[in-house]
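A single chain, nothing else alongside it, follows as structure tokens in the form predicted on its own.
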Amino acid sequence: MTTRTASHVASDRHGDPRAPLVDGIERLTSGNREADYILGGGFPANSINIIMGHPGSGKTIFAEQLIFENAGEDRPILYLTTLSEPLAKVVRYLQGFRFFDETKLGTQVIFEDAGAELAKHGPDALIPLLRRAITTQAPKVIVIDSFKAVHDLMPSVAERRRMVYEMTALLTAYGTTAFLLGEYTEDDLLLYPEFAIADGIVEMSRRRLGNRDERYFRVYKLRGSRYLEGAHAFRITHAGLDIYPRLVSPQIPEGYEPSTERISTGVKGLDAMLDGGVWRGSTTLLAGPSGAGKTTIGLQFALEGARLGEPSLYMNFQENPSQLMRTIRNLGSDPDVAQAQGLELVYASPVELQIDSIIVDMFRRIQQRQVRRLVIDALGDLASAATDPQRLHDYLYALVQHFAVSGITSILNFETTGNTIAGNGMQNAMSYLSDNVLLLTVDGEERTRRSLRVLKTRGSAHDTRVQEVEISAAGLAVLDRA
């Protein structure tokens, strides 16, 4: 490898194609598209950043993905391990990820173990180590894993502040982007001097939820930058971090007006009850107990859209694909023809369901296929996937707003425990968010009797009567007994 000195730094700083200008700020990609989106384009170049979190939260993997994405022929990247994990262990586990590139080791990406010198000479050895690396290698990125392990060796607060000051001055003078990894907690933000000088602070957290773990990515600080606030779920895969940015409500375009177009539900007699169908871009809450006909109505709505050439998406957490295919055939439709016309059936097991991942996947499919009709079957499964009621409410509110702005007409199924929606907090919340609320009921002793009632339609007249419905080989139909 050609030896480089600090004199090369000034000429290289603005020549890195991986550091685009966003909002007038030169950026360094994180190596993850979704993380860059959350960060407003990436980390500011020549900044000092802290990646914090408990052991096993994903800090090291995030940093490793970043360095291999930014590795190039211009200036090397230095990864310093300290007293947390031995270098050999770090590199061994690194080889299991797809972003790992052995050809870059030792030239574009340099791993060094500072643990021996720190153990022998104490924390004061860190600054000379960094100075030597900068003057001989001129790295464009330096990762210190773990910096908190060095911090904990300092005997006093004054010594910690002195070390952090010297390190900040050194890194800033030579135009290096630094990442300090550590097992910090949220309480440490107000205690330790490194947080005061940091330009960016990112937390990787991990929570246990039943039989699975949920991980979240959060930006606490990003100096001079706009970023997406809140906790963003992620998973660790062989490709690195798979991040699901938190869904936020869309900006309403200036001059936006709701559509005045009516579209058919595909259910015989229901359009008449809704004064000619539902508004384009509206959301319908379809509630009722098990066996009332919610899935049948949802499929008829999606099949009608496909028949009319409107791409339709059926998100299902209740029945597996083979069961849905059988139901579609029982409705007199050919599943292959319906899919060729634009129907997409997506199944996700509620056992492993994570609301963040399913929402991001849904929006990717909507954008890729320009979906016009959407059915979610059912909201109760999304509720069980959410970690808290407020998070679920925020997601559902943002969903409905996105559908309205994008002109996507949706039906959201919800299973009740009886023939009423009273007393169900989540469903009551969805009632005011929805444009239409339909209630299916089931009763009868000698034979099953199903009925349907329109509880609400926004900006529209509707049939206020309780109408009997029937499920046959042709699907569900409203029986107008008037």
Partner chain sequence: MQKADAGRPRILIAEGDRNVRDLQAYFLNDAGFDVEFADDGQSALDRVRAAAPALLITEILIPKIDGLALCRLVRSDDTVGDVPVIVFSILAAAARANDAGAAAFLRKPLVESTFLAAINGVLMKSNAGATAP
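Just so it is clear, the structure is predicted and the values come from calculations on it, not from any experiment. Positions refer to the first chain, counted from 1.
There is another form of the same protein, the form predicted in complex with its partner chain; it is not shown, and what comes next is about it.
Listed stretches are 336-344, 168-176, 289-297, 195-203; the contact stretch with its partner chain in the predicted bound form is 168-176, by a heavy atom cutoff of 4.5 Å. Each of Asn46, Arg131 and Ala138 is positioned with at least one heavy atom within 4.5 Å of its partner chain in the predicted bound form. Residue contact check for Arg75: one or more of its heavy atoms lie within 4.5 Å of its partner chain in the predicted bound form.
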